[in-house]
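A single chain, nothing else alongside it, follows as structure tokens in the form predicted on its own.
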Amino acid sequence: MLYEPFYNPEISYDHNFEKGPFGAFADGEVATDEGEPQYDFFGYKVYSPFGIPAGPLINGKFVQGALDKGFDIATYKTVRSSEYPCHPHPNVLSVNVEGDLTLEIADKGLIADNNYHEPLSITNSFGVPSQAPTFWQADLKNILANVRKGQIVIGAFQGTKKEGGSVEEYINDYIICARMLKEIGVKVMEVNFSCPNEGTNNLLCFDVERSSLIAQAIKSEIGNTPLIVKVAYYKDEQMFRNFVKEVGSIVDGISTINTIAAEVRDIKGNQALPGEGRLRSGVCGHSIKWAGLEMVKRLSDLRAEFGYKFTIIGVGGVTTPSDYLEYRNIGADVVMSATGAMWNPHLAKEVKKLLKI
């Protein structure tokens, strides 16, 4: 069943930011847990290893809504060291996919519309917008001060390429962001290596050498604060192996996946999302679960082979409690849901019922 989404795709990002969240996230009801939290998350106890990844929780009101509904690990949407605009509306559309969105199907392109239906898959195109640090530091600090027992908020961030800037300046921008998060008391951080045009090979996570340099620079800045790195789906097995070998020894957690990219058009064959560079867009939801599960399995195998201890966070296509179990059974230490949670604000409660929490 699809409920009213807490992010309304029919209105602009700015309107959502100002008026949201919507649906059950705004009803004021707070889920409660009995007893003591039992699950470990980087040394912090949470009631459930289930949450919402970077993306949907666009400000403190959305994060609070997630915490209130029992999502015990909530990720504040990716921030930057300076204000950064959002892509034009629309930013979210339903995509028509039968079964799995394999790479072969993605290469052929998809049709998008406003008919959201189960099994739910969407395309989202925001461009990783960010408010100015003066806003997000105060907003996030306020949420951190009110987190209840058994819950935690992750601060997500990424660097920004400046036109004509050097590699050193680019890496330093990550350090600046991490420093800003640490200043306000963020206990766990996630750095985004999975979005386009931030590395020499399209995605930063596909540039193993630079990913390693940036991860090392961030860890040098934040010390013992746990660092998660968010990655995309790797078609190239050797590249992924190299990434895990190099970066897995530096970071404390790896989160996978983000989306699978595809050309997205409307029923008439026109580009569905307006603006330059938006014909190709990330797809998430039910149809990419296969890829998320595959990546978690690969991560689990490589972690064991290399003798590493990083936490594995499984993301992609989690829309039901059984999806949560699939991820846990295949090797995920933590599971997160974005699209599924957006249209089902009661998903955390359903997972806890399954776990008898």
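So that there is no doubt, residue numbering starts at 1 and follows the sequence shown. Just so we're clear, the structure is a prediction, and the values are computed from it rather than from any experiment.
Same protein, other form: the form predicted together with a small molecule, not shown, and the subject of what follows.
In plain terms, the part of the chain that comes close to the small molecule in the predicted complex, with a heavy atom within 4.5 Å, is 54-62 out of 23-31, 38-46, 54-62, 296-304. Within this chain, residue 257 lines the site of the small molecule in the predicted complex, having a heavy atom no more than 4.5 Å away.
In the predicted complex, the small molecule lies within 4.5 Å of some heavy atom of residue 128. Within 4.5 Å of some heavy atom of the small molecule in the predicted complex lies at least one heavy atom of residue 338. Residue 284 belongs to the set of residues with a heavy atom inside 4.5 Å of the small molecule in the predicted complex. This chain is drawn without the small molecule; in the predicted complex, the residue among 273, 177, 140, 122 with a heavy atom within 4.5 Å of it is 122.
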